[in-house]
Ligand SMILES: NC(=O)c1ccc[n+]([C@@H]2O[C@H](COP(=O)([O-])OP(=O)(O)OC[C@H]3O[C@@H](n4cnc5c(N)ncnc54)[C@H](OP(=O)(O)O)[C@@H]3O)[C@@H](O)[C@H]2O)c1
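Next up is one chain by itself, shown in structure tokens, the form predicted alone.
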Amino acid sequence: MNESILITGANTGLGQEAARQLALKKETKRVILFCRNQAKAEVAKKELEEKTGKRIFEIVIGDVSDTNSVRKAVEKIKEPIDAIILNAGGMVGKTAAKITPSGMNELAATNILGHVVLVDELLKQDKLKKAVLFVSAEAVPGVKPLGMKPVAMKTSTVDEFAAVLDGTYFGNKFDVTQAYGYVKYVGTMWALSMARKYPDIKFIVVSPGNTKGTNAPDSLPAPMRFMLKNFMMPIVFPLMGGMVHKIEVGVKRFVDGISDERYKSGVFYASKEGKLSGDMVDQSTFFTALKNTTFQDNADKAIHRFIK
């Protein structure tokens, strides 16, 4: 049982819904909302208390794209945490390709950098006890019916993973919708490597699938955002079947991932091949690169090149 859970990006969307669902579980005694903005975090805390009738929410302020900010946040966490949901991230928006002080581009820094530092620091200080869930996406194995190609790296060396993280892998044409899948792949492989390094802690990777009711489309280019919100989500995906579900369904994947024994450490769970909704399955059954332990370790090494 997980009595205490920390969720990054918990003030809105998937993160806030995860906090709500977890608070309603009888074993949950503490939910930490790890957020970048104090005012938005306070609003989310109040909303969650009203929705759940629980007074178990705490706020910790930290920016997952900034290593120093995350380290300072960890110092504020005095009691050990049972589980973490590494949810903050997304496609970021127009500044995705911008290089941060770490050397990673903003897309990679927001989705990966602070999450790795958060886990490293909590482990170092013996403040993490049971489970870590990294939020990934079906963009990694691809979705053929939508023309979404799987991640296809040439060598998966440390240098190539590092090139994804600083953006040089994509040359002069940085397409955030393509880069997103590659960044999530790097984070996924890091989490799978951690499962082998820390066998007493459950490290699991889960995609929420294609969820309605989030603000994820807001970070997309305007034409794509319009198509997704006004055509794909309300009309096309429902007609295709297995392509969309409510936010409550997507977030239940997180809740089950950290607590249900059916879901094992060292596995990336997401929708069946070619789908974005429905039952979760082990993605390595059709995206075999996930099983390569050398690739996993190379991703971990590449990330730590950017952590000072």
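All of these numbers come straight from a predicted model, not from anything done at the bench. All residue numbers refer to positions in the sequence shown, first residue = 1.
The discussion below concerns the form predicted together with this ligand, not included here.
Judged against this ligand in the predicted complex with a 4.5 angstroms heavy atom cut-off, the residues Ile112, Leu165 and Gly181 are out of contact without exception.
A heavy atom within 4.5 Å of this ligand in the predicted complex is found for exactly one of Ser193, Thr100, Asn210, Ser156: Asn210.
Note on the partner interface in the predicted complex: the residue among Gln283, Ser259, Ser65, Ser265 having a heavy atom within 4.5 angstroms of this ligand is Ser65. Among residues of the shown chain, Gly89 is one whose heavy atoms approach this ligand to within 4.5 Å in the predicted complex. Contact check for Lys246: every heavy atom lies farther than 4.5 Å from this ligand in the predicted complex. Put simply, Val186 is far from this ligand in the predicted complex: not one heavy atom of it is within 4.5 Å.
Looking at Val135, you'd find a heavy atom of it within 4.5 angstroms of this ligand in the predicted complex. Picking from 119-127, 145-153, 202-210, 166-174 the stretch near this ligand in the predicted complex, with a 4.5 Å limit on heavy atoms, gives 202-210.
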